[in-house]
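Each of two forms of one protein chain follows alone as structure tokens, named structure 1 and structure 2.
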Structure 1
Amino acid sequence: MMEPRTGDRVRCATGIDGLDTILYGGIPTDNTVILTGSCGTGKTSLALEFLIHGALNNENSLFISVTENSEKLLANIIPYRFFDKDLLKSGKLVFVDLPAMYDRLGMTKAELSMEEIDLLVASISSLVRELNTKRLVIDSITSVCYKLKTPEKIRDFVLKLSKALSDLRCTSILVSEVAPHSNAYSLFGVEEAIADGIMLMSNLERRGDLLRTLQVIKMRGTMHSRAKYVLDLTPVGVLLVPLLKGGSAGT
């Protein structure tokens, strides 16, 4: 973390045009970014698209799933026009279920100890090293945090994990779940302070219409738009347009 913050950092282009424009080219490489939002706002879809574009670009991509099993996720991405099944065969895109990893590591208790946190970070790191992963998604970090319980443990876990991933030159998206009207970016209020970036997805009600929005709240190492964008989830991926402001001027 000694690089100068000149805005000239190497970028990890998400491959989502609108988002790369918002980020002036992409996520600065090695950043750990929280992708947060309430349920159904499109977090998993956006995160998957980030990985597919990476894999298509010859960057090894890893999805660590905590809540849904990989098969269900696959069913979600197959409709994507740009998805290529060969990415799975060639190992460019890998899915790992975290519950299986917990079992393997013997983490059966409801709450992880400090030692187990270290072991979990070490296991994820060695997986990333082995696979030479350049893009990682953990969906969701909130589910992992439920097993940590205290803010101290969560802080410890997220700090160690993001340090390890950054050292391995891996650009990561940690999906975070929040309640619909929460003002926080994470359930425990801890992850957001540590992360290099925060991208917020939400539902916006405007005079009876419900719009899906995305906003980059922070992103270390780059300038970025702070405006809200409206998005659509389509078979060609996430599409974004600026939220029109004229409405708030009133009629």
Structure 2
Amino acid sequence: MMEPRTGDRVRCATGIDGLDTILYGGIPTDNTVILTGSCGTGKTSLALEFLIHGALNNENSLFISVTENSEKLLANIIPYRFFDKDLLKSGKLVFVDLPAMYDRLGMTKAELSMEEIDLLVASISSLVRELNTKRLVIDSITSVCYKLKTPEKIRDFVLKLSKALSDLRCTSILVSEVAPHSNAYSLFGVEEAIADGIMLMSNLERRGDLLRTLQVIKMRGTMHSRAKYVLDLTPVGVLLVPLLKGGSAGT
């Protein structure tokens, strides 16, 4: 749900209460945000919840899956109590497999040319326009970057895609993969410098438990907390509580 704030940017409320509190109301509309972290930190689950809440609030939402078949993805997601399969039937929540788009566009080589990058951006933009998409997730942008190879091509792709999505008034999350304990926010070190926001998800070991954490590193267009929060994936959605200095969750 997008709600204006007096004297401030219009917000795209994620529907995740703790995250919207951290962001003083939600992600500024039209922003492109990198959601980054290592394996098992809950990136896909959080991104899906962002889309589901959008669809439930009558905002057309699109998930572009780069590596995992969307049917398998849907079968393996957390059984959110608020997820309604009618959202898929109505077209409010749409899943697209990017490899099928590659095949349709004839992008069969291991590395995309600059012309193919333009074609891919145009194809994604056309799909967003056709579906009147207001929320988009690409999971993962890292897998797309493997086909771009060079920092110059990655920068060109992310810049052009971000501008195109912003022009279409689409708020977007690009899922990024990094190695555990990495100090970078993306595998190639390019994406995070261009994006409007960075949300970092991590695994933190404390007293024999492995905690998931979330921290908003930057977000253009809004004030935000930079504290680290413990994240829990539950059937009622993502729950966030502050991480206390001793490493435990606050209540």
Ligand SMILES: Nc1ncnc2c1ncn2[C@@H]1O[C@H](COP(=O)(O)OP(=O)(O)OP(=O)(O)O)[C@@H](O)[C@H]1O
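Numbers given to residues start at 1 and step along the sequence of structure 1. Rigid core: the largest C-alpha set superposing within 1.5 Å between the two forms. What you see is a predicted model, and the numbers here were worked out from it, not measured in a lab.
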inquiry  = Can you tell which of the two structures I gave is the form predicted in complex with the named molecule?
reply    = 1
query = Does residue 78 move its CA by 2 angstroms or more between the two structures when the core is aligned?
reply = yes
Displaced residue check between the two structures: residue 206, CA, 2 Å or over, core reference = yes
